[in-house]
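A lone chain, given as structure tokens: the form predicted alone.
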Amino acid sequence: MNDVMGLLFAYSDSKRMGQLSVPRTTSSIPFGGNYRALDFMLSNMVNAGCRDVGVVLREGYQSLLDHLGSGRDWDLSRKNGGLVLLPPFGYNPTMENRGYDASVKGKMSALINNLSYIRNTRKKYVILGEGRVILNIRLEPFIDEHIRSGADITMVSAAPLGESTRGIYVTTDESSRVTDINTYHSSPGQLESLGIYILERTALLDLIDYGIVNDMSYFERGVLRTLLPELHIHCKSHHGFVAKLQTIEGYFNSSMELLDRNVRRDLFNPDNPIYTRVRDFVATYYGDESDVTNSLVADGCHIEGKVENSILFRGVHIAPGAVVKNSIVMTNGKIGKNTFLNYIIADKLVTVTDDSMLVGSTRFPVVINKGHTV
């Protein structure tokens, strides 16, 4: 289906992501050995037929700009439409919306400040998505059901993800119509919104107008909750793997789930491929004394030590005598001789010197900041 556009919110930040989100927005945090968080939702949109995708930015987006480039790797480098990077919305209110308080940076603020883009991209349907939500979902059946149901909005949800953070939780009736929206998981049977919404572009423009008139900054807990008696919001569940980057502990645990072959098959389903920026690396080298078990290893690594239950991104070097267990080592990390790592998240370009020992736990994995030497 080509009569659909995507609008991807790539500015979500969480203080509970700690140092992982200091040099970058949450949507550009590396995940799964080769990818950035944003790659998953962006690929889902492209696979659903979106040839126009606007990426909403705010701050800390340089890493994301470097990664996305022209959008060529997602087949979005086009003369007309394609990938459009929308400028930081909190700092450039347009003339037509100058009476609106753009300093409040909720999702409705983002929509209002990108109103001209939404108006000018003349597709019939819009898919809203969040760059920090990691899943593989075929959206075409959701679009088809949205059209058949006659709903104003179709919301994609899942069982509550289990983290004790604020989200959007909904209660539905027997026909899957949303009857209540809360920001905390308060009762059994509620579902958690994945931030994916399908609706007609004209309906979205009406909601934006409502947000402007009523000076609202928030989409779900502001506009949708207020208009809930009048709107038909159809809720449809996704039952596959889902990760929402909200906390360091959640990031670590979601990453470790990828060591399960069934999870990998679901997330990296070749029938609905996940695209990322192509980088050419040589094959990984395994030394004579290397020992790698139950680990996810990207291209270009050089392994001479022991790796167990871990994820290695591209270009990681593991020196002789080193032991890396239950850890994540991001791109171009260097782990020195006779080191021991357990429950560690080493950001990009980290160097761990010889004879070091670093130990965290499942609840409190230790994060080594990008580019640091320890």
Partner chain sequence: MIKKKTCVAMLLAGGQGSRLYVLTTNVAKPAVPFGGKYRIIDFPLSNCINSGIDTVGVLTQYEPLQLNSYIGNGHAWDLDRMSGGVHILPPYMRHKSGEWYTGTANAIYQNIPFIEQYDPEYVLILSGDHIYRMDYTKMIAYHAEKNADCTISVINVSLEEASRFGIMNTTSDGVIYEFEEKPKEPKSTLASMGIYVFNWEKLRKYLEEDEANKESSNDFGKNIIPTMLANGEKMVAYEFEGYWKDVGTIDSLWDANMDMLAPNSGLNIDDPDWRIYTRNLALPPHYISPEGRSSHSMVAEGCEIEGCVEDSVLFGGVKVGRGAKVLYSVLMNGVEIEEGATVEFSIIAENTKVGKNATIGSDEEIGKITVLAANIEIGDGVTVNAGDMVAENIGGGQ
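Positions refer to the first chain, counted from 1. Treat the numbers as computed from the prediction; the structure is a model and nothing was measured.
Below, we turn to the form predicted together with its partner chain, even though it does not appear here.
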| item | value |
| --- | --- |
| In the predicted bound form, the residue from N120, T179, T183, N294 that sits within 4.5 Å of its partner chain by heavy atoms | N294 |
| Option touching its partner chain, based on a heavy atom within 4.5 Å in the predicted bound form, out of H239, H232, R279, K124 | R279 |
| Which of 211-219, 295-303, 110-118, 139-147 lines the interface with its partner chain in the predicted bound form (heavy atom within 4.5 Å) | 295-303 |
| All of T25, N44 and R51 within 4.5 Å of its partner chain in the predicted bound form, heavy atom check | no |
| Close approach of P87 to its partner chain in the predicted bound form, 4.5 Å, heavy atom | no |
| Non-hydrogen atom contact I274 with its partner chain in the predicted bound form at 4.5 angstroms | yes |
| Contact of S63 with its partner chain in the predicted bound form (heavy atom, 4.5 Å) | no |
| Any non-hydrogen atom of R314 within 4.5 angstroms of its partner chain in the predicted bound form | yes |
| Residues in 34-58 close to its partner chain in the predicted bound form, defined by a heavy atom within 4.5 Å, in order | N34, Y35 |
